[in-house]
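In structure tokens, the next block holds one chain alone, the form predicted alone.
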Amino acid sequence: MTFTREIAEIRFGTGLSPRLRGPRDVDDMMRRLTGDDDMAKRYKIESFDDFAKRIARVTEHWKVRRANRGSDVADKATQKINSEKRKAVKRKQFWLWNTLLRRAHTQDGLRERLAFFWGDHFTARGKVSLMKRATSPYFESAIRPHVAGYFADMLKAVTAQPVLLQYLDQKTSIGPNSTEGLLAKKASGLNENLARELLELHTLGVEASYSQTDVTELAELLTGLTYNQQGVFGFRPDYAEPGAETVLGKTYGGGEASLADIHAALEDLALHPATARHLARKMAVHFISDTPDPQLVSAMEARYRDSGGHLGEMTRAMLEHPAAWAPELLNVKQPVDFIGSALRALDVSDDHEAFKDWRQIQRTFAVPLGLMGQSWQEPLGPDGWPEDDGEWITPQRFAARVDWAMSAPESLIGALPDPRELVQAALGDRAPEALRFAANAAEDRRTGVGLILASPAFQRM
């Protein structure tokens, strides 16, 4: 079992393209991954720092409104608040379109897949106001720059993101014996959500050996992580629980509270052997199979440990293992992978006039994604989207895929391709003979294209 371009593009990339050639080998895949992020430059998504300027503007409008209740000035401030909210709703749809265009036109599909995978690993979405629309900027700033770097750097970046802090209620976590906690008129409490998810989901994994005491001590150490009304991250020593905290047998802090103590704990969690096992298996499941080869997982785990927690090296270890190139495609594409690979196979243009309208993007992509079971950036819980293939191919969800395959392509590209050419573009030499026959015998192009995109062969990666 060795490298093939088709497996590289289908299993580890965003699908085959009739125009773009896949990587030559594993070294080429890694060169592309560690090179310039061309798609981020071409199809822009706001950084969170830029998005925070929207939050700051809304905050100022709220201040004006409160100071001028019942006046025309307050009414105008309300209009400006609503205008900012509408703009954020629209931008979220355009960021979905740009995310899909990145998949359609990239020559570095592995980067797009890794950005989605790690974004899902650190699932977070805002709960109120503009923050509900900030998931793409959060991923762009905290996840994407680190997909081939050290996991500790990604871990520190996400814990400095207001989206994650709001999602896991960290802003309300104040040390009971802190300066603020002792001065508070009503009881301040310790919130353990972020600490628990850091241990259970983000680092060690649910099966690792840690105790409730570890959760509580880590939660106390994390007090002080917050953000202001302008959406800017900060550390507040007056929120921090005083004294040293012991997590997994190691003590942190004890002097003046500082962000450096938290970073030290995060770095140790990133290098913990249980973290290596958890991340290696999770990545193997996502990219290769719900039941990955144990030797593949062990190789990835060992490379992660030996490299000091380097995600690029763990990725390379996965790609260098023979089990990664097994010819049978075992994973079902998640809805975003299905639609992204369809756009790629259809060679969809990035200047389609219809998709300059956010409502068209919503109708064509966001609504169908929801019907397929993957409402855009709205997973049900902090554990993200399920990896179990059976979750995605239920009768109702598969029917939504078929409906999209039959109806969307014509709106995307107008003149549809010859199905006999599309089946080769979409699946290459992996196209089953029965599907080639069906594509050749289709009564019209719309039916033929739909049959190919809805086929079991196209649903797997």
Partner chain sequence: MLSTLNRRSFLTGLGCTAAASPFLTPVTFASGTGENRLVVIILRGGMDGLDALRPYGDANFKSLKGRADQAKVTEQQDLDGFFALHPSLTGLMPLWKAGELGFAHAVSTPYRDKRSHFDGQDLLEAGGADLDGNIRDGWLNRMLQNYPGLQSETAYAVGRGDMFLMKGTAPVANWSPDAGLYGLTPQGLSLAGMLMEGDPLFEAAFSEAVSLSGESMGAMDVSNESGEMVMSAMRQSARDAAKGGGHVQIAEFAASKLKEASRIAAFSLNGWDTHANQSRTLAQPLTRLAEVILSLRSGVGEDVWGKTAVIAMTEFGRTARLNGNGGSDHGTGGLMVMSGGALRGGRVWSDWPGLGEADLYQKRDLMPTRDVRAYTGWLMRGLFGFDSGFIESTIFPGLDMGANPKLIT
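These numbers were taken from a predicted model, which means no experiment stands behind them. Residue numbers count along the first chain shown, from 1.
Omitted from view is the form predicted in complex with its partner chain, to which the following refers.
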{"property": "Answer option from 391, 378, 256, 357, heavy atom within 4.5 Å of its partner chain in the predicted complex", "result": "391"}
{"property": "Residue 327, heavy atom within 4.5 angstroms of its partner chain in the predicted complex", "result": "no"}
{"property": "Interface membership of residue 364, its partner chain in the predicted complex, 4.5 Å heavy atom rule", "result": "yes"}
{"property": "Proximity of residue 442 to its partner chain in the predicted complex, heavy atoms at 4.5 Å", "result": "yes"}
{"property": "Partner contact for residue 16 in the predicted complex: its partner chain, 4.5 angstroms, heavy atom", "result": "no"}
{"property": "Candidate stretches 62-70, 398-406, 22-30, 414-422, one within 4.5 Å of its partner chain in the predicted complex by heavy atom", "result": "398-406"}
{"property": "Every residue of 169, 332 and 456 near its partner chain in the predicted complex, heavy atom within 4.5 Å", "result": "yes"}
{"property": "Stretch 206-242 - residues with a heavy atom within 4.5 Å of its partner chain in the predicted complex", "result": "206, 208, 210, 212"}
